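As a starting point, one isolated chain is supplied in structure tokens, in the form predicted alone.
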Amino acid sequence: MQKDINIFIELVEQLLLEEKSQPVAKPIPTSDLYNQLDLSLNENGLIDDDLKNILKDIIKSTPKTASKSFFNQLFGGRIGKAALGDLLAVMFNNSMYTYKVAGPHVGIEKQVIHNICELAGYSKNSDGTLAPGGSMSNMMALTMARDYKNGSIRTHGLNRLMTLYTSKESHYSISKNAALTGIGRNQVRHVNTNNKGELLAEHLGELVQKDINDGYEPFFVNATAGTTVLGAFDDIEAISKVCKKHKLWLHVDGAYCGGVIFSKTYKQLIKGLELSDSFSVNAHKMLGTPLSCSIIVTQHKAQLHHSFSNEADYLYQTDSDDFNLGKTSLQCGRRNDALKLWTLWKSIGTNGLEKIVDKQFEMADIARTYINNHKDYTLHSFDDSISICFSYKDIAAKEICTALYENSKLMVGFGKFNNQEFVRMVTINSVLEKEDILAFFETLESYVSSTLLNISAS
């Protein structure tokens, strides 16, 4: 084992060097992947040096999500104490379903959940769990809402058409989860949004009333704290009034930007969160932990147990249900995803997490200021968002982003809202500083000027 740890350390040092010398890896075309890298699995194994050399080749070609040129997805960067927790979790190799096999790590997860509930403004009777990603957190919320509305579904299945509601700008997992949970995609109602991508509570009320009149059974509303493209925050207080009137479960999908619960300055963006029935947040996004660390909490502790518990004498042999976390989980075997957040939180405190969150808004402000001060740019997003959406010199966003990626300059994506396509730069990467934001624009401008415009001219 010690020998493998030494190899690991050598490979990590190689990765750190690559992140500095080649922050955007040269992508291998999918048509040539198996020719350029030896990914084959054979009858006979390799000696350590041969394996190590192949892994070094893989390191060179792997996208560098912790580099200062990564603006592409809703995560990025690397925080040492969080990575430490994740590496320890791998070495411990505990499964989180029972106290017997997880020991103090159950207490670690329960402490994280308790503090998240407190920050969300939830009651002492709240609880939660960790799920394998934001999509699964949303599915757990939907499942609890379904069972809360009709307690017999767990045993008898659906016996009438149920409807759920989400904005047109919400995450795609809502429709996918409707299919997976037996509700059906056709029973998903997409609510109109305003020009910032925020769900319109008035239209929500109209859709709910129409479904009631037509004989459907409305049960679930999904509000979003940080829409995937523009980073908009739905008005939870206005939505909750509709939910209260019609007795609907209100879930707040904070996978992207739910981390604002840690910020005194930006917590107002989710004002009314305490009125919701469930809330999810991805610590691997705003809080900078390694993938994945997805948390869902609910005001209805009993419903969490009712929807996901199942007796298994061969598994639950000691201790109470409160410490046997498999009773409230979507999974049975489950890795310890709480430890990475706990080591980070323990090391820098709640105040330190607040600084991590606030810095992302600071970086976004720097980017917006730059765009607004340069006439070749058009800004499509707004304040209080860490998604900076813009156009440059009327060049197609897809063309810019693809060229920057294929030529190993920057990793940045594009998005669309109201049929307008634009570059979507996100400042969630935990290692970014002001100079990195300015370097982003300098790289983009330089590349467009020297390459794209010359190609267009020819």
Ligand SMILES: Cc1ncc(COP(=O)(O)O)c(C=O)c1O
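All values reported here derive from a predicted model rather than from experimental measurement. The first residue of the sequence shown is number 1, and the count goes up from there.
The same protein also exists as the form predicted in complex with the named molecule; that form is not shown, yet it is the one meant from here on.
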query: Option from 194-202, 223-231, 373-381, 271-279 whose residues, in the model of the complex, bring a heavy atom within 4.5 Å of the named molecule; finding: 223-231
query: Of Leu207, Leu74, Leu353, Val112, the one that lies within 4.5 Å of the named molecule in the model of the complex (heavy atoms); finding: Leu74
query: Option touching the named molecule, based on a heavy atom within 4.5 Å in the model of the complex, out of Gly326, Gly85, Gly128, Gly134; finding: Gly134
query: Heavy atom of each of Arg146, Thr163 and Leu248 within 4.5 Å of the named molecule in the model of the complex; finding: no
query: Contact of His171 with the named molecule in the model of the complex (heavy atom, 4.5 Å); finding: yes
query: Contact of Gln360 with the named molecule in the model of the complex (heavy atom, 4.5 Å); finding: no
query: Touches the named molecule in the model of the complex: Lys340 (any heavy atom, 4.5 Å); finding: no
query: Ser387 within 4.5 Å of the named molecule in the model of the complex, heavy atoms; finding: no
query: Within 248-275, the residues that have a heavy atom no more than 4.5 Å from the named molecule in the model of the complex; finding: Asp253, Ala255, Tyr256
